[in-house]
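Only one chain is included here, represented as structure tokens and corresponding to the form predicted on its own.
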């Protein structure tokens, strides 16, 4: 009897141990590039998921900038330590497609997780359109934004301008900037009419807003891009406007990057600027605290040129292929969770990035959010009214990060007077063509 009892105890302990092991949650790694307050919001979403899923544990890690995250992901794949989900900025799309390391999210949901109830039509078309390549959605839309024009309505009133009629054309932008610029008795500028950081993204957007392409082969959508269109009139005329306004002293050149222009606008040193829609909440709060009224508007375009629209910026979430099936299914659960209306509304209201689903937008409409926050409505209307075309779908370029650097260098050379706008963009186009040739040769 004692021998039997001893065996029963051993069996019981074994069963308890086996049960504990069986109940260990599946752990997945999520790498992202959201820092500061936005990083805290990401962590909150991860905590929400973990609390509602006993069988899955998501471990989120900030891996630096977008460039850092892409580089670290490529290195991790080579060393066999890749995450399950990674946030990659939109211009990394072609590289991710070519990498061979990803599993398209449609394939992940339908074939691996066998989630036949997921609604693939739930996303806003201008958002999903960017990441839809070869007939399927390759990554899950996450933080999406576009640029808009921000302006100080009080400054408009002081200058005798209608605060409810922002500039709609390049010509009006220049005219308004003249009126908004204030010079002291010594002739020095106390407030500029307009400012813009030297950021390649703005050139891309201004080209798309003229319904023009950045590269050939329908922006790299029908075949690999092999030729840059930076030397054509849509890009050149914007650089020309930029140069003319800076030379006239009605536009502040804060140099390369985002921060200089943003600080100039927020401090009142510039009355207008172009920035990401992700800044709407931040800029609105700043205006409220500083006692002025903030206005927003669509991007201006050349007079007589039909409006194309804007291209989605930001980033999406990619699933990395080489992981056990149960971990890939867990990754799908998290990706699917992030697309639910509650998460999308929380993300939008706390960060300013677009909600990427129709249900979240409808919720905000019904809840009068846009009626109470008209500057957010501006961003949505500009996106939804954008023409559906290869120009606004966005370019697929394997060397896109390098292309942006080339464009920024071209703008600098123009503003410094080293080259004319046409010469600078001719040089930039030639450099981009060479980079495309080198990249494409790897995949012939």
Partner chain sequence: MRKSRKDFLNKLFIHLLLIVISFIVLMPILLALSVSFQPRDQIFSYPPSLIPERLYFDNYINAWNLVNLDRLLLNSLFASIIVMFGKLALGVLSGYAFSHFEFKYKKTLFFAILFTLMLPMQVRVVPLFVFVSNLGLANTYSGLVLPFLASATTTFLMRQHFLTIPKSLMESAQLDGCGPFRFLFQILIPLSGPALAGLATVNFLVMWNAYLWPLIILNSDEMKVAQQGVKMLFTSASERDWGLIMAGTIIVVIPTIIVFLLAQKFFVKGIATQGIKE
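Numbering follows the first chain given and starts at 1. Just so it is clear, the structure is predicted and the values come from calculations on it, not from any experiment.
FYI, the form predicted together with its partner chain isn't displayed, but the following is about it.
This chain is drawn without its partner chain; in the predicted bound form, the residue among 306, 259, 119, 172 with a heavy atom within 4.5 Å of it is 259.
Screening 389, 375, 50, 62 for any heavy atom within 4.5 Å of its partner chain in the predicted bound form leaves a single hit, 62.
A residue is said to contact a partner when one of its heavy atoms sits within 4.5 Å of a partner heavy atom; residue 282 meets this definition for its partner chain in the predicted bound form. Not displayed here, its partner chain is approached by residue 75 to within 4.5 Å at the level of heavy atoms in the predicted bound form. In the predicted bound form, its partner chain sits within 4.5 Å of a heavy atom belonging to residue 266. Residue contact check for residue 30: none of its heavy atoms lie within 4.5 Å of its partner chain in the predicted bound form. Stretch 75-83 is the answer when you ask which of 121-129, 363-371, 105-113, 75-83 has residues with heavy atoms within 4.5 Å of its partner chain in the predicted bound form.
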